[in-house]
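Shown below, as structure tokens, is a lone chain in the form predicted alone; questions about how it binds or moves come after it.
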């Protein structure tokens, strides 16, 4: 027994084909939207490519671009089929391949749904990627003369100013690394010698941050050096006074920014998936309503359209039976080849 049977006359079939045709071309625009979102996300990630692993971070935008291209192709083809369904002669050439095309559409809709879920779930690995990337970037901040790292200072400074953040988790992360290049240190100075000798790694550590951590909205001139030394600044207490550097860490700031982008893209892809499911269902009704015509030459006669030719349980049983038959066929073929080889 067919599932969700609907009776159609000529007028209803024409109206259905026209409606699905319009929806398909609207779905082509939706595919272009998914493609554009992938390109936009890829461009945004490239701005911080030095702080991220390219293979991991660019997987999602590349997947969105691929899904957008496929969506444009299958929706344009589906629109053409719906347009030709108004003419029985033209529709006849598409009929043999429609069953396989509909199966492909169902699989594509499943992949599109998985893509939307990835948009929401990729926030977790992105958090670790950002944390590791920013941490390594801060270590290379001072290496302005090293090939491959000479732009890291500029990248981090622009990032901290743009996202109003400082350090990885907070501004104190800068206290734990040497971010001033040795070429700008006077090693004959007692202060420099004392700071380098005060830690086992032999680094010049200080309670200071780069200028890009300063908050320009603060009325007080930026205190970026000796931030924990109250006596070094007039009327200053670093325990109680509001510091005039950014409090938020760059990992959280970037995660919030990219996470917002991914959540928006994920929601839009869900809507596109719903549209794709709707046009797939519509095309199935167009195909089944034309296939059940008692006499294809009498286009004005009534017919029945359905979502599935059998119930869900029967359809699933048939699919499993076909898969088992294919598996047995493969084993028989292998057994036949072995027998022939033995006789030879």
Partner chain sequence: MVLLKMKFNQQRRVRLAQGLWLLSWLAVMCGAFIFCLGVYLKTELLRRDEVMENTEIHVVPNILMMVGLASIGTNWVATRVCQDSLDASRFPRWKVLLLAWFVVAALLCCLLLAVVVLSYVLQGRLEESLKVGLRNGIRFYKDTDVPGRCFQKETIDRLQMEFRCCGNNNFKDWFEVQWVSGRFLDYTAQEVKDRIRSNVDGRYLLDGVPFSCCNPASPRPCLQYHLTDNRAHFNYDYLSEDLNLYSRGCRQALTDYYMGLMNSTGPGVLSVILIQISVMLSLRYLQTAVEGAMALEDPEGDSEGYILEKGVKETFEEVKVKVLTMMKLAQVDPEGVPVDAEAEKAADTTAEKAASPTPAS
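Numbering follows the first chain given and starts at 1. Note that the structure is a prediction, hence the values are computed from the model and not measured.
This next part talks about the form predicted together with the partner chain, which is not shown.
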Inset, instruction - Work out which of the listed stretches, 211-219, 265-273, 86-94, 120-128, brings a heavy atom within 4.5 angstroms of the partner chain in the predicted bound form. - result: 211-219
Legend entry - Contact of residue 179 with the partner chain in the predicted bound form (heavy atom, 4.5 Å): yes
Legend entry - Contact test in the predicted bound form: residue 146 vs the partner chain, heavy atoms, 4.5 Å: no
Inset, instruction - Using a 4.5 Å heavy atom cut-off, state whether residue 190 contacts the partner chain in the predicted bound form. - result: no
Legend entry - Exercise: residue 102 in contact with the partner chain in the predicted bound form, heavy atom 4.5 Å: no
Legend entry - Partner-contacting position among 201, 237, 186, 194 - heavy atom within 4.5 Å of the partner chain in the predicted bound form: 186
Inset, instruction - Name the residue from 154, 172, 135, 80 that puts a heavy atom within 4.5 Å of the partner chain in the predicted bound form. - result: 154
Inset, instruction - Report whether all of 161, 164 and 225 sit within 4.5 Å of the partner chain in the predicted bound form, measuring from non-hydrogen atoms. - result: yes
